[in-house]
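Just the one chain here, laid out as structure tokens, in the form predicted alone.
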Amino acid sequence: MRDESPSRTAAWVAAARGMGELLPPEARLVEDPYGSAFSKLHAQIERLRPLASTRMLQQWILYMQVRTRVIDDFLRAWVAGGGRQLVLLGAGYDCRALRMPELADARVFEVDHPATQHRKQRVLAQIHAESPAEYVTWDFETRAMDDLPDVLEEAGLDRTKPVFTIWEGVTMYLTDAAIDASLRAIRAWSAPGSRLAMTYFTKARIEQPTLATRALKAIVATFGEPWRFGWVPDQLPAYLEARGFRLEKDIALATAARELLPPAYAELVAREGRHFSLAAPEAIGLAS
């Protein structure tokens, strides 16, 4: 993200979530009535309905439906078990605090760059929506992640109680050092019973992209948000273990799509290279 500019990829993601309403009912996995407000589509959503059947746009909308639904389901299961604290790390224009009734009794902390947060608050005010989330302003480029656990605690996070952390659509933009520092910070605020839900690209998707992926990679780079990082899935468990987490689930996009969508729609997004993971903090100390 460019300095002092709100994230443009976050606007893309929010728009795709909002455009889920353009899909046929059998392909809708998530309802997000706020998403399109963060782009220029809010007043034009009906005019876009004929375009929603085009392959490229439909793939993007379906991908966001699957990604959002998988994480929502992780979160719902955790809340059903008694969890009441949620941290959205690199929250963008996420509106779970508004759209998920399951979070009515939870405290939600949204961590992101001030430019993105300020725009989010302005847009929500324009559509007369007030999020119950706590905004934790954080400049990832200039502040050490080691400080974030204390800042969250000052904002009201109870570090003695379980926390569900969502790290969605972020890891591919970070350096190796930033990934390591972020995981160690997340571990520091994750009491027993906590969970970390994250998305990631595989290393092959970053280093050996297809022609279509190469084009998308170039576009996001022009926004100041280049793709940098990917994991080899088989190496993820050991990587997380060294940083105090135990991998519980690692789901490929293709697998999730085939479980959640009718076959014809699932095949549109059944591509390799994108994963959704759920991890729990280990009781043992972190490796040095």
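One-based numbering along the sequence shown. Quantities reported herein were computed from a predicted structural model and do not represent experimental measurements.
One more form of this protein exists, namely the form predicted in complex with a small molecule; it is left out here, but the text below deals with it.
Novice: In the predicted complex, do Asp176, Tyr200 and Pro237 all reach within 4.5 Å of the small molecule through at least one heavy atom apiece?
Specialist: No residue of the spot touches the small molecule in the predicted complex.
Novice: Look at the stretches 187-195, 121-129, 150-158, 164-172 and give the one with heavy atoms within 4.5 Å of the small molecule in the predicted complex.
Specialist: That would be 164-172.
Novice: So, in the predicted complex, is Ser182 in contact with the small molecule at a 4.5 angstroms heavy atom limit?
Specialist: No, Ser182 is distant from the partner.
Novice: Does at least one non-hydrogen atom of Asp112 fall within 4.5 angstroms of the small molecule in the predicted complex?
Specialist: Contact check for Asp112: yes, within 4.5 Å of the small molecule in the predicted complex.
Novice: For Phe140, is any heavy atom within 4.5 Å of the small molecule in the predicted complex, or not?
Specialist: Phe140: yes, in contact with the small molecule in the predicted complex.
Novice: Indicate whether Arg17 is a 4.5 Å heavy atom neighbour of the small molecule in the predicted complex.
Specialist: Output for Arg17 is yes: heavy atoms within 4.5 Å of the small molecule.
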